[in-house]
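In the structure tokens that follow, the same protein chain appears in two forms, which are kept apart as structure 1 and structure 2.
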Structure 1
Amino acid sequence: MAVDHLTLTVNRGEIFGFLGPNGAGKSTTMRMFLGLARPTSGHVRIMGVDITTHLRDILHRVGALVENPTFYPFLSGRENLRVVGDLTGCPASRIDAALELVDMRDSAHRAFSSYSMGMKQRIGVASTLLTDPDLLILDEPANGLDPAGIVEMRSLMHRLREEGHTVFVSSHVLHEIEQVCDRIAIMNHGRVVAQGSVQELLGASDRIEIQVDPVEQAEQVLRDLPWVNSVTREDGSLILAAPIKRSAEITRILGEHDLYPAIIRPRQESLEQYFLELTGAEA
């Protein structure tokens, strides 16, 4: 069973991250969104409309980019978009608006084969924008991109949200998902195992990071406090298992021993750590 009793809600106007290890059921889920796979039970509603009865109407309001975009290599970016527009019945006037939104207007005359991976991805996104869709489904938009291209894609998704589009993005680049998404869902073995805002899911636990010198003396002072459950060292910092609300008191106690922290802050779990713990995947 690829997808098992999945319940998923995406809010209008948000960037929603869809995560999971390989084989978790993400691609099957997205195929069901687009009418490319039929669920054995249940319903998919997009903007309140059931896709089983109104698929043609829904697809005019949805843009989808699945994996790496493929276009005619010797046609320009603009010419490729004109081909897509002819197939989808979109007016040529939409091409300039789409190119402007993905910041490719100045390079639209160049052959697609001459583009960097990031530029190809942006032309792919532009092709999904020709119908001015309410919902964009992007499957691994950062796939194969270098760091600069990943930053470009992050900026593009923010721009799409500002323009009023809802963005549903599947990605393995967890650091980017953590920075760009309003809410996320994590799938494992066909089921959603976590869903909510990034801040809610990664909310700071009762762990405190402190950078102070000399670290050995500070460690001894902190170990003696009755409400500090443990103290460990990590990359030159002290990690305390202690209530966050005690941070000011910790600063005062260290000061009484002539120890003055350079940094004291809640230690928040990263999305990568959370993902690995939740799915049992290997780093």
Structure 2
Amino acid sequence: MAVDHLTLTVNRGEIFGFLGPNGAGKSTTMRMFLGLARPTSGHVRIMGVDITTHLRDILHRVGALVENPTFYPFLSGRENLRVVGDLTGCPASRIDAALELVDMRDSAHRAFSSYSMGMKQRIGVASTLLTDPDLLILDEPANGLDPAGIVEMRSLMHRLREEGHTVFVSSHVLHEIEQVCDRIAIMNHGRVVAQGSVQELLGASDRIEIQVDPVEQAEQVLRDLPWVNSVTREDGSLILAAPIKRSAEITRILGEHDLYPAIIRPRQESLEQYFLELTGAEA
């Protein structure tokens, strides 16, 4: 089963990151959101509306770019957007506005096949904006972009959020997701294994590094604390899985046992480390 009992809560006006290793079911989930794939059982609801019965109504409120931007190679960027306009019934005036927003107005006359990957991505994003959707679904929008393009895409997503759009974005560039998203969900084996704000999720697994002597005695003392999830040794230091805000308390408790740490410092995980731990994927 590609996807099983999936509920994602995306708040209006936020940028929501959707993560998961290859084969986790991300693309299948996004295809199901858009009616490209059908669930074997159950329902898919977006904005409270069942897409099996009201797909067209939902699609008019959703702008989607699934996997690579796919357009007709023999048409120009502008003509491709006109094709999208033909299908959605949006006025031609919005095409210029969308091209302006993604900074593609000067290159819009060129054939789509002649565009760089970054330009294709931008035309793809422009196509999602034509209907002024409430929700934007962007699958790997940073795919194939150079560093400048990634920065541009990041600022574009911020701009979209400022304009009131909700952005649902999947990406493999975890550093980008960490910077740009308000909240994230991580999927593995067809299920959501973590969901929340980036700060919450990373904070929930804070690490504290302590250098203290004798290390064996300190390890014993710290293991008995109810809010310490785990204690491991690493290069002579102790690594505690515990909230960073308890650092002062740790110092006090160790002091009560005549143990005085030489170093006590937070070791907050990056989203990448958190993701790898959670999904069991190899770095």
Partner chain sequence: MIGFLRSDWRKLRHRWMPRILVLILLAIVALVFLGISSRARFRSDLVMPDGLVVALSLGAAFAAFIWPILAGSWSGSEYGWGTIRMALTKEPNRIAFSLSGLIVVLMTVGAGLILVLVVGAIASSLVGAATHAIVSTPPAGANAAGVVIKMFFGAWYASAFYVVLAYAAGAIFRSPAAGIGIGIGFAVAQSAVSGIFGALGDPWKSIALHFPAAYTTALNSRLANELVVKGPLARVSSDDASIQVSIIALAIYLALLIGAMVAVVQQRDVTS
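Basically, rigid core = biggest C-alpha set you can superpose within 1.5 Å across the two forms. The first residue in the sequence of structure 1 is number 1, and each one after it adds one. For clarity, every value in this text was computed on a predicted model and none was experimentally measured.
One of the two isolated chains is the form predicted on its own, namely structure 1. With a cut-off of 2 Å and the rigid core superposed, L55 has a Cα displacement that falls short of the cut-off between the two structures. Superposition of the core reveals a Cα shift of 2 Å or more for A108 between the two structures.
With the core superposed, S247 shows a C-alpha displacement of at least 2 Å between the two structures. Superposing the two forms on their core, we find that the Cα atom of S237 is displaced by 12.6 Å between the two structures. Relative to the superposed rigid core, M117 shifts its CA by 2.7 Å between the two structures.
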